[in-house]
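A lone chain, given as structure tokens: the form predicted on its own.
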Amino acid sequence: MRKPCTGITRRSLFPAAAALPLSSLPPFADAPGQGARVSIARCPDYGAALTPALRAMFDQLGGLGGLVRNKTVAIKVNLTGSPDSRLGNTPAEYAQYTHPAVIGATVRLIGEAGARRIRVLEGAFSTDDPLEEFMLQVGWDPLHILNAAANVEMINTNIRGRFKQYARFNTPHGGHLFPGFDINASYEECDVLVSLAKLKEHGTCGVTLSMKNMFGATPLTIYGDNAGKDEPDEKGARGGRGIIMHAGRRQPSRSAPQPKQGAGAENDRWRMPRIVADLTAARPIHLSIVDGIFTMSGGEGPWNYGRLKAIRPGLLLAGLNPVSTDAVATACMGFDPLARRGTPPFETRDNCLLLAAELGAGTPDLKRIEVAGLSMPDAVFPFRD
């Protein structure tokens, strides 16, 4: 029997409101009806019910047309870990990866809504290979995504690629740790950014949702273990982001904004929530989608230690603001999105939702968020027994 979500009461929920056009909503507004609206849907699997569930959620947010028509849309997906990483016999897309059916259905609906061009983006694990090649190694057919709409392309953002230079995004108020980031220019040469994430816990951030998904946007050539010291090393896109980003044992390429130094700067559970918050504020996300149909509990991938388990919440979430969307997703996992360090899932780390809110990126306060579709009490699926 599922336990109730700590801190979640019916009085803390807002009823679904009349839909507003997405084009009228500022990306970082946090008042009800001004961007802090999240839709939840029950979806049992990745079959016939998937596309109607996504379409209904987008309609509850005001419809996709006003957001994407005649626009270039970038979709950041989550393909964390190597292609051969599995949670026992569970395929990656049923545990740690965004499922390809969700990617394909999202591409299809954005195409139907009139997008001029769609780019699927990811800094694929430890490689500078084309993103299509990475998907083939996983066992997916990338054509199912590329052919889901007109003018679809894929870009591995670990490298500069076809662009002349990296794009710089400065963090408002100087950021908690990073005053800015240099990332692939596909994140600049787009009108709309979609974060298409997985519903999961995380070893250093507590949860990994639409905000944490953007960590994979940091190119390995600048922020990876083999990054160039002065300039990005386009041949160094191998390895992880542990040395620079997690541990802070060296700095990113000097051509990029340098992180602040001081207390906690070499503690990954101090650093990572701040990096996530800084990225969220530096590069606004216009639409967040979280795949919680099948996922895993206990961590973000099979490499974590402890109580890892494949689970089936049967949920999809979508929202116009990443902080608010992730707050509702966190509550659906059975956690309090306003929890401080020392409270699950933030036992040994700071809450990236609160850190992002401090930078003006949105609100994690459920009392200020409108919830449409499935009611939150009915959506709660505790990730910890």
Partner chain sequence: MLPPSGWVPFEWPATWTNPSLLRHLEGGPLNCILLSSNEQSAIREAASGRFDIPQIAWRKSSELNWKSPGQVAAIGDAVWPELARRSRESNGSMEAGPTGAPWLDANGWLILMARFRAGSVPVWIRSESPENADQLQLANYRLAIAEAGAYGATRPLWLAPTLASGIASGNDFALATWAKLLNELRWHQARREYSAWPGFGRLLILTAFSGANEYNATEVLNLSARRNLSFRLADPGDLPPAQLQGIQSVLYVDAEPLPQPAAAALRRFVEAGGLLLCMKQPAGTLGALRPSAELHPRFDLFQAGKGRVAISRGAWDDQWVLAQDAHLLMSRRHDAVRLFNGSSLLFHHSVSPDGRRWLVQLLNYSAHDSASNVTLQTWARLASARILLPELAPAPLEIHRETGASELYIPRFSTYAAVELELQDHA
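Here the structure is a predicted model, which is why all the values come from computation and not from measurement. Positions refer to the first chain, counted from 1.
If you look for the form predicted in complex with its partner chain, you will not find it shown, but the lines that follow are about it.
Chemist: Is L143 close to its partner chain in the predicted bound form, meaning a heavy atom pair under 4.5 Å apart or at it?
Modeler: Yes, L143 sits close enough to its partner chain in the predicted bound form that at least one of its heavy atoms falls within 4.5 Å.
Chemist: Applying a 4.5 Å heavy atom distance criterion, does D84 contact its partner chain in the predicted bound form?
Modeler: Result yes; D84 sits at the interface with its partner chain in the predicted bound form.
Chemist: Wondering, does P284 line up within 4.5 Å of its partner chain in the predicted bound form on heavy atoms?
Modeler: It does not: once its partner chain is placed as it appears in the predicted bound form, P284 has no heavy atom within 4.5 Å of it.
Chemist: If we define contact as a non-hydrogen atom of the residue within 4.5 angstroms of the partner, is G139 a contact of its partner chain in the predicted bound form?
Modeler: Although its partner chain is absent here, G139 would touch it in the predicted bound form, with heavy atoms inside 4.5 Å.
Chemist: For the spot marked by N89, D129 and R238, is every residue within 4.5 Å of its partner chain in the predicted bound form through some heavy atom?
Modeler: Every residue of the spot touches its partner chain in the predicted bound form.
Chemist: With its partner chain left out of view, choose which of E133, E153, D225, D191 has a non-hydrogen atom within 4.5 angstroms of it in the predicted bound form.
Modeler: None of the others qualify; the residue that does is E133.
Chemist: Taking the partner as it appears in the predicted bound form, which of 216-224, 76-84, 242-250, 273-281 has residues with heavy atoms within 4.5 Å of its partner chain?
Modeler: Single hit among the candidates: 76-84.
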